[in-house]
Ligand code: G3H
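Listed next as structure tokens is one chain, alone, in the form predicted on its own.
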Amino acid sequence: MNIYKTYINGEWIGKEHNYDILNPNTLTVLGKVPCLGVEEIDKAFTAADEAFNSWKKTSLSFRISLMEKWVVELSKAKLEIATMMNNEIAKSLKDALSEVNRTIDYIKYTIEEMKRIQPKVYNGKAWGVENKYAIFNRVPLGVVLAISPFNYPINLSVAKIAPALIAGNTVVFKSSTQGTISAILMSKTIEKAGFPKGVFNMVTGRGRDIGDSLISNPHIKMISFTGSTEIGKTIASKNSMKPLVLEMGGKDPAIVLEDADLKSAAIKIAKGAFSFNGQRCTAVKRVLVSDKIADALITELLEIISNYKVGYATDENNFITPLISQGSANFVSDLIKDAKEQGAKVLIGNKFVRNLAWPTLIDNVTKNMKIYYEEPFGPVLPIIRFSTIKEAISIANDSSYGLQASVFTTNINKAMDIAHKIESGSVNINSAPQRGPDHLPFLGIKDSGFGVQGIADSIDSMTTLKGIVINYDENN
């Protein structure tokens, strides 16, 4: 069994006190990771704060050269990292490799995006003020705290780290507990790229043990977080005067109208709902379908779902793999049980072997059921029937979440009208919700988040404008 170290101020450090990372495929211990205390966390932030003084003064070309070396090192390590993800979060090797490759492309695009950020120049003539010019540059904020989730431990970590570093910030990085080993392997590629000590630091520990000391450190100048709504709200309540980007949960609806191409819609909805076992904030969490075509859509969905292979992530033939923990499986099971007791009909699934959950489709879901409102983060898809488009919009908006939504129809006029009325960060027409392409703005409203991600938007969120106003006398 491997005992891993974490990376602070250019050194790999360990602790006598470690915690176990379980393999979701076997529920056995995969490795041990240091449980840091307040002293080590303070050391990470102090190192980042001190390094910022020199890092912010480096040229963009120098920072780009290190980012390019990072791309090389990450490319070398991608099979090792993907294999660890396969064991640590039960993501298929194919999907894990795809995530690392996507992350490599993310860094490359971040480099190109930063090259295109230029100063803005203004004059005062529009206001009748002569002899005045103003130059506004984007400048780094300082120490960025980056907190990432388990489901995309490489991509969603680098999506915070890369924009921060390229813009001249320093980083203290905390991964989700499950996913920490994969993130450590990624962090090793940053070290090998040659970033100066203190510019990048990684802290480890269970959120419940180190969360308060982590998010309240006085050196923090900005926080970028992806995770649960509960934790996101805690961060917001304790950092009201610091810039925040919070990406939280979702209850993403897919609205299917009578004129939709049902076969195409079913394929996209099923994939959108069950990819990586529904453990995605952008997964389809509920299907809102016209009662006139509901039975036909269900027939299409059942044909697809019944062919999904279920088993361990080590077998590439399996589409449905174990959930991240036994607790997650229990939560999904309880939601299904509650729906059944309240009159819903389970059409397929509702089978569990430890943390392995079979894909489940539930019909006749109504608002008295927990699954109507709660995000399952598992392979269960509720069907909610509607009779009018107005009703469908009302159901879609009857949620504390507002991340993404989908509308399936062949009538672009209806699609655009519905899209404008749905309360969410974005609406996909004839496609399942999705995060990418990664250069697009990504955001949620209500309990789904605050602030905007996407490469250019992430750079903006981690910098601020600084102006130099030149007043001159043209007579001299």
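Each residue number is its position in the shown sequence, starting from 1. Because the structure is predicted, anything quoted here is derived from the model rather than measured.
One more form of this protein exists, namely the form predicted together with the named molecule; it is left out here, but the text below deals with it.
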property	result
In the predicted complex, Arg280 touching the named molecule (heavy atom, 4.5 Å)	yes
Proximity of Arg435 to the named molecule in the predicted complex, heavy atoms at 4.5 Å	yes
Leu156, heavy atom within 4.5 angstroms of the named molecule in the predicted complex	yes
The named molecule contact in the predicted complex: Arg102, any heavy atom under 4.5 Å	yes
Region of this chain that lies against the named molecule in the predicted complex, out of 161-169, 330-338, 76-84, 144-152 [heavy atom, 4.5 Å]	144-152
Contacts with the named molecule in the predicted complex, stretch 437-460 (heavy atom within 4.5 Å)	Phe442
